[in-house]
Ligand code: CP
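Okay, here we've got a single chain as structure tokens, the form predicted on its own, with questions on binding and movement later.
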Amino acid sequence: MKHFLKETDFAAQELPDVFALARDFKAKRGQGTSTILAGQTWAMLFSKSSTRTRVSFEVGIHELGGNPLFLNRNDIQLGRGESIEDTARVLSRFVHGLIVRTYDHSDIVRLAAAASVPVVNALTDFLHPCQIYSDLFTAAERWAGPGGDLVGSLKGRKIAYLGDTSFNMANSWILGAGMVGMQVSLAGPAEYEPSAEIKAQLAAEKRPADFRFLTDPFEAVRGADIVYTDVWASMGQEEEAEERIALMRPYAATAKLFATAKPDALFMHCLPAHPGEEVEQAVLDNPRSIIFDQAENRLHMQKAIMATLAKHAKT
């Protein structure tokens, strides 16, 4: 059974087809409901709340002809002591796919190991692969142009990631950018350098650790094609918020810092944004900020991911 738990669960040679499918879904939206998931129900198991992730998956499943079934942790026995493995086995008898948004990445790995239907990682504390694929697609749209080579347009580009470089978004950029030949420059406090977990993942996959970690944000951003940031305290880190904000303030995406990147550089943020903390409002409002394109493209890319997994499940 093919799952999508991390960026590298699709081989590099599969990416052009997945990206092209997302572009096709986007171009043809509103021209009738697809039948790719006709007669199927896909369950959404969310331990973490969301706006973009929940809405984009629910709408996407519907637009592919399927039925979305939303379940938070308290809706099922998983929240009251049933094992992850038994939950996966039972749900696999009822539904055709599982979309999972949770904290511990090992939980989704265990779920997928026991499931007999495709499992999609809609975010863990380790990785956020749907976001990265959508973000890569969003940048590629700008650079490839209509009908151009989406994946090829990313090769050789540089992304500068600011802030907490030890958490899921930074980890996912390290994996995702490496697949398409992008350079990754990470800037954050020394206390939040890339984790041993992502280094172990790269070693397990025999991938080079092709990224730079810097404590100087201006050096990291210099010459970048994309400047990217995320909130400094994610769900589950609220008690550390004050300490994190104090440490990461030098890594805020200010207009001055953004000006260090290439003149045509794009600004990206996976949202929600906290103006005045990790990013200035002026940067969010910059004409080269494509944050809402990113949000929209979650729908199209996730449809492409689910459609590809559904096709594999039938073979």
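What you see is a predicted model; the values in this text were computed from it and never measured. So that there is no doubt, residue numbering starts at 1 and follows the sequence shown.
Absent from the display: the form predicted together with the named molecule. The rest refers to it.
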Testing 277 to 285, 62 to 70, 47 to 55, 24 to 32 against the named molecule in the model of the complex with a 4.5 Å heavy atom criterion leaves exactly one stretch, namely 47 to 55
request  = Using heavy atoms and a 4.5 Å cut-off, decide whether R101, H128 and Q131 all contact the named molecule in the model of the complex.
outcome  = yes
query: Counting only non-hydrogen atoms and a 4.5 angstroms cut-off, does C270 reach the named molecule in the model of the complex?
result: yes
Please determine whether H300 contacts the named molecule in the model of the complex, using a 4.5 Å cut-off between heavy atoms. no
